[in-house]
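Shown next as structure tokens: one chain only, the form predicted on its own.
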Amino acid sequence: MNKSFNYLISPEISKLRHFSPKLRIAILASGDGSNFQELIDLSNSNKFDIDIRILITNNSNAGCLLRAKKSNIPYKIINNSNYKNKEDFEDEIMRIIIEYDTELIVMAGWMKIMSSNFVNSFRNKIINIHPSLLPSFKGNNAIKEAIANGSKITGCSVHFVEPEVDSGSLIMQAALSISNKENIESITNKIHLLEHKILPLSISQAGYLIRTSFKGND
């Protein structure tokens, strides 16, 4: 990671856990997929014991699709407009996740709010990354709102997903200061760098919990 600015990560975990067999994950993404690419690179370099079983996107023009194709990762485009209601849309995603035998669902820039039924069907097995220090600035405009609010510190959070939007137990957070010279673009770029740092570590921690303390507690 290019450390050209000061930041703080908590908890202070620096090493990825080893998984044997590899941790089976599904990625849900709607955009460019830079976090997805970070996971691909770590997997391909054998630095992280993950098996990316499937990418699911709701956006046929998403950049993450190109990344999946380039790396020969299976992918599915599930556009909600092709389904008569939200229930059918989510049922199809659930079917695919089960079909690909995944242990952990990683929402990495996934821009759809999922129902309680979906979340509870995979309880303690879904994590999300969000560009703020939760519980502050939930929702889609977190970085813009932090700057408009005059916040002096912002960052990103990874948390287990609960039915309430951007809630659930925090796994890891990264914080950085906002100077008077910052704008949305500069803060966004810094937060992306921090996301690339804490998302793999959070997946590592969530995977460990799934294979130990959460096992059998569904």
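In this text, residue numbers run from 1 along the sequence as written. Just so we're clear, the structure is a prediction, and the values are computed from it rather than from any experiment.
From this point on, the text means the form predicted in complex with a small molecule, which you will not see here.
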| in the predicted bound form, does N120 have a heavy atom within 4.5 Å of the small molecule? | no
| task | Spell out, yes or no, whether the shortest heavy atom distance between N35 and the small molecule in the predicted bound form is within 4.5 Å. | result | yes
| query | Going by a heavy atom distance of 4.5 Å, is M111 a contact of the small molecule in the predicted bound form? | reply | yes
| message | Under a 4.5 Å heavy atom criterion, is G31 part of the interface with the small molecule in the predicted bound form? | response | yes
| query | Just one of I93, A146, I126, I129 has a heavy atom within 4.5 Å of the small molecule in the predicted bound form. Which one? | reply | I129
| said: Within 4.5 angstroms, counting heavy atoms, which one of the listed stretches 146 to 154, 168 to 176, 50 to 58, 189 to 197 is next to the small molecule in the predicted bound form? | reply: 189 to 197
